[in-house]
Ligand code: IPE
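First, one chain by itself: the form predicted alone, in structure tokens.
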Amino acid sequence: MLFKKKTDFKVDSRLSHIAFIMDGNGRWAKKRGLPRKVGHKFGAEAFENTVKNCHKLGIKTVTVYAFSTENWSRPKDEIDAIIGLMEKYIEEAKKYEDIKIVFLGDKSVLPITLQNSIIELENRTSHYDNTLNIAFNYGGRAEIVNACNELIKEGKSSVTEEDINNHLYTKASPDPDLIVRTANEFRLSNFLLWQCAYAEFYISTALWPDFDMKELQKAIKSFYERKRRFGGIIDK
């Protein structure tokens, strides 16, 4: 990693994929006496800025946990606000000229207009090198079950790790090197359960709408202070 000065902060090949659990939008709004959906609006801005900052620093793949399979239990007005923000983002993302956007999760239960917009955006951006994975109506357990069911349909009677890797929603991306969770929460919440086997974790005390370049750089610096063994031993 290079960071001789703030303007020279870059990553190297050891860090190619960061995944974010964007937590704390509701709490951010509550602290300010605002409705939870307002927190999601400011969280959406932090999401866009963080993706741009990651690619500025040289991180090729970014994954964000935008909406889980469990989030449908939230109040309807909050769900509607999140879906509305995603629809707005998709329209803006059509202008991007450097990021491939992939949606992870079960699209079939989403409103048909949103499904069509997602497919159009994925097709429009499929040829770019940098990748943004958006986990929307996503659950790690459901992803593994879906991969196994696809393999069964193909007639598999036994499977390898590679078989499962090739049938995950993330099959076109490397496993995350670093998972960042905000709001001082210490759990995965059903996110990338298969893919995070050897990921490093960083917990930020910042609520997601307050997550900025400074917080991102703190997470990256923490990553580079780790010794990644991948189950082996590193000689001192």
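The shown structure was predicted, so the numbers you read here are calculated from the model rather than taken from an experiment. Start at 1 and count along the sequence shown; that's the residue number.
There is another form of this protein, the form predicted together with the ligand, and it is not shown here; the text below is about that form.
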Hey, in the model of the complex, is Ile21 touching the ligand, heavy atoms inside 4.5 Å?
yes
Ser68 near the ligand in the model of the complex, any heavy atom under 4.5 Å?
yes
At 4.5 Å between heavy atoms, is Arg27 in contact with the ligand in the model of the complex?
yes
So in the model of the complex, does any heavy atom of Arg74 sit within 4.5 Å of the ligand?
yes
Full three-residue contact with the ligand in the model of the complex, heavy atom 4.5 Å, for Arg36, Arg181 and Arg187
yes
Listed residue that, although the ligand is not shown, lies within 4.5 Å of it in the model of the complex (heavy atoms), from Glu87, Asp106, Asp163, Glu78
Glu78
If we test each of Ala147, Ile82, Leu110, Ile101 for a heavy atom within 4.5 Å of the ligand in the model of the complex, the one that passes is Ile82
Within 4.5 Å of the ligand in the model of the complex, counting heavy atoms only, one of 46 to 54, 59 to 67, 192 to 200, 170 to 178 shows up; tell me which.
59 to 67
